[in-house]
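One chain follows as structure tokens, the form predicted alone.
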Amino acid sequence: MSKKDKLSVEPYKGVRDFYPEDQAFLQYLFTTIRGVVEKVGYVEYHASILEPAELYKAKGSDNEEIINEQSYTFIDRGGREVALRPEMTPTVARMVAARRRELGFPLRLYSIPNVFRYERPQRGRLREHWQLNVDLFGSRSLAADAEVIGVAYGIMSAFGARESDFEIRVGSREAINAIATEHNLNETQTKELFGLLDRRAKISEVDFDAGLAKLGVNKSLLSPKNIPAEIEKMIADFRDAGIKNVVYDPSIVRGFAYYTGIVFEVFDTHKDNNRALFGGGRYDNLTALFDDEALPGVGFGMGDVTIRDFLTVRGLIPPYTPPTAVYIAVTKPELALEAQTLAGELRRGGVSVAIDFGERKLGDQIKTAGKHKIPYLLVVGDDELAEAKFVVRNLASGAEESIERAVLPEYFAELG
């Protein structure tokens, strides 16, 4: 095969390869998230990435851009139209509706699936990402909405963010629907109003005012001072609890039409990444797609891409720590089996060890340990084996220490 016929080493456009350092960050993300949500009583579930395409075409899951332009759909070998899930909320609603008689409510669920959307790759948006989904079913209480927003706040804090680093902006679709009703807007006009509010941050104030004028809506009704009573109470309760970065913003409506009540978005306040990070809200009618009785729900989704950007601009991503603590190099290939024996002794003592097989020069073996960022190195040679004593080198500092073979496991255990 000629060079020009070789396959590209690049991944599919808009997706990522996760090398060890990238995967380590992803695991840090998952571990941090689980540490927060499980303390609040949420339990993990999962589902296949494949769903019937009709799930996203059904009434209530009617974001036309996702359905018509961003969904990865195909016909399977049985002639069924299938989609790679673009979001998780319809899936969890389907799952809850399927077993609602068996489940206990209020029901707290979370998952961290990967989701797919065919959209133009840009900062904060890719065609595949991992997304935390937190959902609480079975309660219409304002306390349920507050709990979910509190979980979002807790996750941001667990990542090391200060209150000044982000703002939680709360809106109300009910309040906007009330304004539409007061102005006798029809369904199309009401949809235009929601779209105008959703785009407000991306258009000029002149264009925003012109859009309102076209609909005949009084702009003063959309003032942050015109706050719904339930949101005012929620914000006051948060302040009493010491959380001061929750604010009312009437422009927050969220794009999905299945939201029915309070909605919210978490915004990055950094000048180099000033954008919405993630959000969610209340949806009380979604399970009605599958069942005669609607089940109230509230939740949010948070993607790994925007959170990584948030942490990057603040230097909050923890340094990569490899799972391997010790690298064993050998002075000649014939000693690789001896190195395996030594590695086995260390592993039984709880130490993670990788060995080299001696197929390259000793200096190249040491460079390999450095490339993998393994902290400690020891060399197996004839003299070391005969004396049952090995020099342990700290690859970061260059410091060396001679340690007897019998106490090597305890030595590394003390180093942590």
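Quick note: we count residues from 1 along the sequence shown, nothing fancier. What you see is a predicted model; the values in this text were computed from it and never measured.
Just so you know, the form predicted together with ligand HAM exists too; it's not on screen, but the next bit is about it.
- At a distance threshold of 4.5 angstroms between non-hydrogen atoms, residue 129 is in contact with ligand HAM in the model of the complex.
- Taking the partner from elsewhere, residue 310 is found to have every heavy atom lying beyond 4.5 Å of ligand HAM in the model of the complex.
- Although the partner is absent here, residue 296 is not a contact residue: none of its heavy atoms lies within 4.5 angstroms of ligand HAM in the model of the complex.
- Contact between residue 124 and ligand HAM in the model of the complex is found at the 4.5 Å heavy atom cutoff.
- Only one segment in the set 196 to 204, 139 to 147, 298 to 306, 225 to 233 has any non-hydrogen atom within 4.5 angstroms of ligand HAM in the model of the complex, and it is 298 to 306.
- The candidate site formed by 42, 159 and 167 is entirely out of contact with ligand HAM in the model of the complex, as no residue has a non-hydrogen atom within 4.5 angstroms of it.
- Between the options 110, 327, 258, 153, the residue in contact with ligand HAM in the model of the complex by a heavy atom within 4.5 angstroms is 258.
- Contact with ligand HAM in the model of the complex, defined as a heavy atom within 4.5 Å, holds for exactly one of 163, 174, 338, 87, namely 87.
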